[in-house]
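Only one chain comes next, encoded as structure tokens, the form predicted alone.
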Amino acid sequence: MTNKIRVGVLGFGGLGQAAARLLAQKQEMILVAAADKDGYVYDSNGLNEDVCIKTYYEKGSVGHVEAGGLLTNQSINELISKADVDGYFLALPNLPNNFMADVTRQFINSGWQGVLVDALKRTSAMEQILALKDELQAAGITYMTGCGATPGLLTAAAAIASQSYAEIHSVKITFGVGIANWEAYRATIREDIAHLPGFNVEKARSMTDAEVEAFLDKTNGILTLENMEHADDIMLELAGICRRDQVTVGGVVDTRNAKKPLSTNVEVTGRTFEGKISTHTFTLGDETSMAANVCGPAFGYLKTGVSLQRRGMCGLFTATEVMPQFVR
């Protein structure tokens, strides 16, 4: 038990719950802490994911879990100070846009030292994390940013695929997401709506569930997204692979069917040293869910982060800078 990486999950919506289910099947990691906006639960011996999820559904907060739960509106701060955790997965809403950076500052100010992993989406949100680079280094925190599916898995695949070329012309990421019930991923769906014409972050965030439902009725539950503000662009630019304006991200989200409306893929087009123009395509299996493609890489990068920190390497890393390690 002592060799296991002790993990906390901040945010217990769809992604947080999926993360808990995934961790229950791992031998190298153990979920010891979880928090939502109304409370937290902590048990150094490990949490029962079924109990946490059931309690969250029935009572609205993991703070109601009998063993180790506590209700508080300062859940993150209190959990940081109380829990012995090696790394946290920030499965938090990206709305408002500065939320992830605000939470990161809480960790910096707390004196806690460990690994943080996010799966944030927007370029402007990642720019706020990048601005904290020096503070994270000074605080002794190893922060892995953009480590979900896109940005994350697909961005890292693009970075590897780019090696065949002398010059990159374009990186095109196209995703298909199928969700049987949008309410399981409320924050994620609101983030997607924020990318649509006529919407922005604040407008999407202020929509009630009934308003989201009414909007989805108009689109038959389908969200078609083009030229999204996605941090894949800044990650590939920082890695020196291409300019951010050469990266495009878009996709289709079906909020009423678990089956993906189209296959998720990344296409990297470039010129080889022999002068040939070619395209590499990496396609994800249709059977892999959004949760599998986000949470799996996030914990792979968390394991890498723990490895880096144990070697004394702190600061900020993106998913294109280091490889994720497989969590057994």
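Only a predicted model underlies this, so the values are computations on that prediction, with no experimental measurement involved. One rule holds for the numbers: they count along the sequence shown, beginning at 1.
There is also a form predicted in complex with a further copy of the same chain; it is not shown, and the following applies to it.
- The closest heavy atom approach of residue 163 to a further copy of the same chain in the predicted complex falls within 4.5 Å.
- In the predicted complex, at least one heavy atom of residue 22 sits within 4.5 Å of a further copy of the same chain.
- Though the partner is left out of this view, residue 30 does not reach within 4.5 Å of a further copy of the same chain in the predicted complex, counting heavy atoms only.
- In the predicted complex, a further copy of the same chain sits beyond 4.5 Å of every heavy atom of residue 54.
- Within 4.5 Å of a further copy of the same chain in the predicted complex, a heavy atom is found for every one of 240, 271 and 278.
- Stretch-level contact check against a further copy of the same chain in the predicted complex with heavy atoms at 4.5 Å: of 113-121, 83-91, 241-249, 203-211, the positive one is 241-249.
- Along 168-182, a non-hydrogen atom within 4.5 Å of a further copy of the same chain in the predicted complex is carried only by 168.
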